[in-house]
Every structure is written in C-alpha cells, then in structure tokens.
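Both blocks below hold the same protein chain, though in two forms, and each is given as structure tokens: structure 1 and structure 2.
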Structure 1
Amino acid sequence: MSAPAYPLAIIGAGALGLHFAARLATQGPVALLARSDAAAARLRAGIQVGSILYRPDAFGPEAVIRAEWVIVLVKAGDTAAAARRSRSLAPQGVVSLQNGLTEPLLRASCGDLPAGQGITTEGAWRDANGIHPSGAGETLLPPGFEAVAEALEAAGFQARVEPEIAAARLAKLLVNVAINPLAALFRVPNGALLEEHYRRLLDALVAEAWPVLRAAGLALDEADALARVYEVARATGANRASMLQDVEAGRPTEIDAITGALLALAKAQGLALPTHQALYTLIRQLAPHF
C-alpha cells in the first residue's frame, strides 16, 4: 500500500500548530505530526481548538506519509528533529513559522530540500481544555512558498509571500529580544513593560539591539524600531509572553534562538551587548534550556 499523501503537513501539534491545522483542515486534508504515537492517538480522539472540536489526521514519529509542503511549528530547540522528520515526507519545501532565528539550523538539517523561515503574528495558547486562538495576525512567507501562502489565505488567514523576508524576520526578532526576556524575568504581562521602571530597561534593550540588527539588514530606523516595540507591547498588553509561559510551566525557553541569536550577530560584528547578555544569563538560570 502506498503512503498517504497530503498537500500540507504541520510538524508540532502544540498551540500554534493546532491553530493553523484546524483552520487549514476546513479547506483540505492536513497531516499533523506529533512527537509521539500516544500524543497522536489522543489528538485523533478530538481536541477543542477555539469553538471547533477538531479531530486531526494526526501521526506519530514513525508513520510513513508524504506531504507536498511542510510547516514547522515546534519550539526552536526542536528544529533539527522536526527538519529530519520533514525530510521523511519528501516534500517540495519546508517552511518554519517559529520565533527566533531558526533558518540556518533548519536549512542545515533539511539537506537538499528548499527550506526557509517566515514569521507570523497569529497567536494561540493551550491549557487543559484545549487550544485558545488569541487573535488574528499576519503570516509572511519566504519567496518560493507561494503555494503555502495560497493555502493559508484560502483557509481565512492573512498571508502572503514577503520578498524582504530577512528584514521582516529581524523586525520580529527586535520585538522578541526586547519583550520576551523582560516579561519572563519580571513575570509581568507585555503591557506592564511600558511602565516607567520597566521601560528604561526596554529602551536599553532596543538601543543595544538596533545597531546590530540594522547592520544585519533591519529596515527600520532607531525611532521606528522603538515605536514598533512599544506598539506591540501596547497591542498585546494583556498577553503573557511565550517565554513567560515557558518559565512558569518549567518548560525550556527559546532564549537561545531569540537573545542568543542576537548575541551571535553582535559577536560577529565585534560588539558586546551587556544588557542582553545579562538577561540571557538570567533566563538560562531561571528555566531549563534545550
């Protein structure tokens, strides 16, 4: 019997993977690849995603299936394993929508397969009751992933291919290096970071990160960079950043793919970023890491 073939597969049946899969599945078949057979079996029995009881075509790590396109939605530290799983699906391409800078590792682990990293401001969180989508966002994909953008749009997501995807990734990284570690360290929702005593640190983080990211291809001037960070903190004021949720749950954080990636860029430019370095060290003390 030949392996089942899907137009789309999602690797990572967590908050965002299930949010995307449940909506995409309203338009066509989607394979959802879970970390274990037990997790796949639980998912097949049904999981609440927003108002939908979703019964995914969920598969464990050894299932033999094919997929034309793969979306990676595991946490950054699981990127290499997800890339290896992607290769077994023999797709046309693999695209990550993770936070942090995971494209180099994804590409290295995908071998000859076309692989790239997009960004998304879709949001979702999970608890014992299921998955809770937390508001619509926008998804930008690297050139070459037009078919994925079309599938997302058909399912009602705001999605498009972004020719300047590297600059867009750096703008997202800027927001993440400023908000995530601070929110996680002080255990406050994003909006609190605009209060005077936190804001001085937020400003320092942007001031240190901006020259490094600008030299790497960020397309924002310094004032716009700061305004972007404030705007996201304001717009997501009641949200608890994913790094904060990870710290509270005792899960590994994505500090290496976020602040660690910035520190690596700075090192390559011969620069030291003392405030980011301090937060990096503190978050790694606070929580397990990959």
Structure 2
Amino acid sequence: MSAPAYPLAIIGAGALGLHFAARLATQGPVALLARSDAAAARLRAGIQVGSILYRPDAFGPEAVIRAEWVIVLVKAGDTAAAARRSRSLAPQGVVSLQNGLTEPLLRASCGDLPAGQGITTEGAWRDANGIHPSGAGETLLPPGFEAVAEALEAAGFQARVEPEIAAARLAKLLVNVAINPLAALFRVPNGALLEEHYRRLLDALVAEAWPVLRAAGLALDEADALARVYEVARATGANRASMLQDVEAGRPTEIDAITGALLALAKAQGLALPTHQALYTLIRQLAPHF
C-alpha cells in the first residue's frame, strides 16, 4: 500500500499548529504530525478549535506519509527533530513559522531540501476547553514558497511572500523579545502590556533592542519599531503568549531562541542590554529551558 499523500503537512500540534491546520483543512487535506502516537489518537478523536470541533488527520512520529509542502510550528528547541521528520515526507520544501531565528539550524538539518523561515503574527492559546484563536495577524513567507502562501490565503489567512524576509524576521524578533518575556513574567495577556505600568517596561525593551536589530538589518526606524510592537500587542490583545503558556505549564520556554538570540547579536556588536539580560535570567529561573 502506498503512503498517503497530502498537499500540506504541519509539524507541531500545539495551539498555533492546530489553529493553522484547522483553517487550512477547510480548503483541502492537511496532515498534522504530533509528538506521539497517543497524542495523535487524542487529536483524531476531536478537539475544539474556535467554534468548530476539528478532527485532524493526525499522525505519530513513525507514520509513513508524503506531503508536497511542510510547515514547521514546533518550539525552537525541537527544530532539528522537526527538520529530520520533514525530510521523511519527501516534500518540495519546508518552511518554518517559529519564533526566534531558527533558519540556520533548519537548513542544516534539512540537507539539500529547500528550507526557509517565515514569520507569523497569528495568535492562539490552549486551555482545557480547546484552542482559542486570539487575533488575526499576518504571515510572511520566503521566496520559493508561493504555493504555501496561496494555500494560506485560500484558507482566509493574510499571507504573502516577502522578498525582504530577513528584515521581516528581525521585526518579528523585536516583537517577540518585547512581548513574550514580559507577558510570561507578569502572567498577563498581550494586550495588558499596553497599560501604563507595563508599557514603561515594554518601551524600555524596545529602546534597548532597536539599535542592535537595526545594525543587523532591521528596516524600521525607532518610532516605527515601537509602533509595530504596540500594534501586535493590540491585535493579539487576548492572546496568552506562548512563553506565558509554557511558564504556566512548567514546560521549557523559548527564551534562548528569542531573548538569547538578541543577546548574542548584542554581544557580537559589543553592546550590553541590561533590561533584556534581567528578563532572560528571570525567565530561566521560572521555567525549564531547551
């Protein structure tokens, strides 16, 4: 019997992976690759995603399937394993929508398979009742992934190929280093960070990060950088940031892939970022890390 073939596969059955899979499945078959056979079986029984009960075509780590395109939505620490799993699907290409700067590891682990990292500001969070989408965002993909962008658009996502994807990734990193650790530390949804007593820290984080990211290729001036962070916090106001969800669940956080990546860039430029360093240290004390 030949392996089942899908136009799209998503590796990562967390809140965001399920949000993307459920929407994409309204337009055509989608394979959802879970961490274990048991997790896949639970998902196939059905999970609430927004207003629908979604019964995905979910598979465990050893299932033999094929996919034309793969979207990676795992935690940064699982990038290499997800890339290896992607290769087994024999796709035309693999695109990550992860936090942090994971493209070098993704490409190294994918070998000669076309691979790249896009960005998304879609939001979703999970509780005992299911998955809660929490604010429509924008998804940008690297050149070469036009077919994936078209599939996302057909499913109702705001998606496009971005020629200047490297600068866009830095803009997403700016948003992540400002919002994720702060939301996790104070245990508040994204929108709360715009309240005055949190906003002072939010502003300080942006002010520290901006010159480092600008030197690395960020295409935003400082005022636009701050406006971008505010815009995302407002658009995903009800969202419980992924780092907050990890801290509350006692799971490893992505602090190394997010704030750690910024601190590494700053070190290479000979700069110190005391506010980010303090948050980095605090989050590492609050929860395990990859």
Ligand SMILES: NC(=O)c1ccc[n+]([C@@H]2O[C@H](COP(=O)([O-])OP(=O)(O)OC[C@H]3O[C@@H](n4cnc5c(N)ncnc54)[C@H](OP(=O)(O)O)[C@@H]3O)[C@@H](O)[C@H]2O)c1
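The first residue in the sequence of structure 1 is number 1, and each one after it adds one. Just so it is clear, the structure is predicted and the values come from calculations on it, not from any experiment. In this text, the rigid core denotes the largest set of C-alpha atoms whose superposition between the two forms falls within 1.5 Å.
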Compare the two displayed forms of this chain and pick out the form predicted on its own. 2
Take the rigid core as the frame of reference and indicate whether the C-alpha of Tyr198 shifts by 2 Å or more between structures 1 and 2. yes
So that I can tell if Ala266 moves, could you say whether its C-alpha shifts by at least 2 Å between structures 1 and 2 after the core superposition? yes
Rigid-body analysis between structures 1 and 2 gives the smaller part's rotation relative to the larger, in degrees, as 14
Aligning on the rigid core, what is the distance the CA of Tyr230 moves between structures 1 and 2, in angstrom? 4.0
Core superposition result - C-alpha of Arg240, shift between structures 1 and 2, Å: 3.7
